[in-house]
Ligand code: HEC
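Only one chain is shown below, in structure tokens, and it's the form predicted on its own.
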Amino acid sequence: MNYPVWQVAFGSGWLIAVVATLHVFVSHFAIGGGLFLVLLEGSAHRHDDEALRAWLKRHSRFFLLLTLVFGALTGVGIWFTIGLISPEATGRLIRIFVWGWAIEWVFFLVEILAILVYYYAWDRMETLTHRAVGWTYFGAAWASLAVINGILAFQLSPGAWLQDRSLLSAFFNPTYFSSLAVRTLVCLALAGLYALASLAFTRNGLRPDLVKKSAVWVAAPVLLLPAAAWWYLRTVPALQKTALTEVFYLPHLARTVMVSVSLLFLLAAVAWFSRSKWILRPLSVLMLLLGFAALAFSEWTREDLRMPFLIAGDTYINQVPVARLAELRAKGILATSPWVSAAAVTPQNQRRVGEELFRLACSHCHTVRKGLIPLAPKMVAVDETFAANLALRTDQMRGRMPPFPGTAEEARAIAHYLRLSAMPVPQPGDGASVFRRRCGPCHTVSGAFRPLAKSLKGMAESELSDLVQNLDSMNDKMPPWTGTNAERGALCAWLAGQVKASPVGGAP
């Protein structure tokens, strides 16, 4: 809570995701594409192929403009967005990896100078020297990736750093080598994807031999990616790995990545036989879109695996350091943040203070009415007391949320603000709807996240009703029941039927 908050209307998560994915899609091509250029230049030299050399020169111009201009702009965009949206975590990463960042900037400078020399010296430098410049570019680009990968992998799996605070422990963390293998294969596949597009839209005639080579650059890494992804998942810490079953949309994202990768392999095989630009052009565009989709969904999955942390075990997604959580919960956000304009919650300022507290504690993942995971619509059919009790128990809810870093009065202020922001619409009172509103945030009936069927097996409606009425007396992690008697009756009748019909509950 040491920084003001830049609140993005449609959700800061979307802004970071778009900017970062666009940058990764180009920056990874900058690595694989550099290797592609220098290897094919060697082939052109060995076979005295002037036509291939001419195409490589044109391709290197496209490569230079895309990677140096667009890549650099989106790279700056990442720093701009994370610095404003996640200043606490950004500051932590800068302090922990200050020497890593310095080394990466040296590699980046070498990379820029090398690609400029490589492009402008095509007809001014001997072939062997020119290729040496190309190898220098690729080496610096891949080394830059190796450094950045250590920092990104650290956020998910800090490993021994949490105990020894060593730079080497932070950098060579449990997922470092596996994630580097995945990213290297992605770099190679992207080189092939961009090459196919470049060949398809060139003004000269289509060379089938180059199309085949480019298709191989796509197919071979894609064929190896499942093994690298399996290795990566094996190295992900167990606590983060549970998100694949606890967060309902992560399996869907993982399946989308697998489908996209499989289609890429099949389309690369089709591209191998392409002899016409009119076939290759839509095919190459489709392959680029599939590659972008696979990369975007895999990056989103990787980011969500570390929830509720920005740095696993060290800093929560809402900028709260784990070491300061107890202090914040005891003193409250108002007493510890200089960015809130009130010293205490009062009936007169409850709504205004609730809005400011929402910005500090919730807006990193949520919006109010529209955008990324809006909260006000979920407040429509629940009372303020129940909403405040949910806010106090965010770490018990589905979606791997961080603990609420404030007091009960501050939780009530946020609930008050969200309730006033909700648009009143009629809500059904059937048992399924009541369960979704009052139980669904933390439980499933027989699903993966805190299923109830096993513990409720054999209970009659009257027993379920007594249980619901006394939830908080049995478990202090449960909010007290604040619904109406009609809602409780509908909920218990529905629950009894669901438990009876579920495989865990056992059918008569």
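One-based numbering along the sequence shown. Note that the coordinates shown come from a computational prediction; the quantities given were computed from them, not determined experimentally.
In what follows, reference is made to the form predicted in complex with the named molecule, a form of this protein that is not presented.
- Contact annotation for the candidate site: F80, I85 and L185 all lie away from the named molecule in the predicted bound form (no heavy atom within 4.5 Å).
- Shown alone, this chain has one stretch from 145-153, 272-280, 363-371, 92-100 that lies within 4.5 Å of the named molecule in the predicted bound form by heavy atoms: 363-371.
- Of the residues given (F62, W55, F70, W481), W481 alone sits with a heavy atom within 4.5 Å of the named molecule in the predicted bound form.
- Screening L224, I112, M307, L180 for any heavy atom within 4.5 Å of the named molecule in the predicted bound form leaves a single hit, M307.
- Using a 4.5 angstroms threshold between heavy atoms, H45 stays clear of the named molecule in the predicted bound form.
- Although the partner is absent from this view, K457 stays clear of the named molecule in the predicted bound form, with no non-hydrogen atom inside 4.5 angstroms.
- In the predicted bound form, L199 stays away from the named molecule, with no heavy atom inside 4.5 Å.
- Taking the partner from elsewhere, F404 is found to have a heavy atom lying within 4.5 Å of the named molecule in the predicted bound form.
- Contacts between stretch 121-138 and the named molecule, counted in the predicted bound form as any heavy atom lying within 4.5 Å, involve no residue at all.
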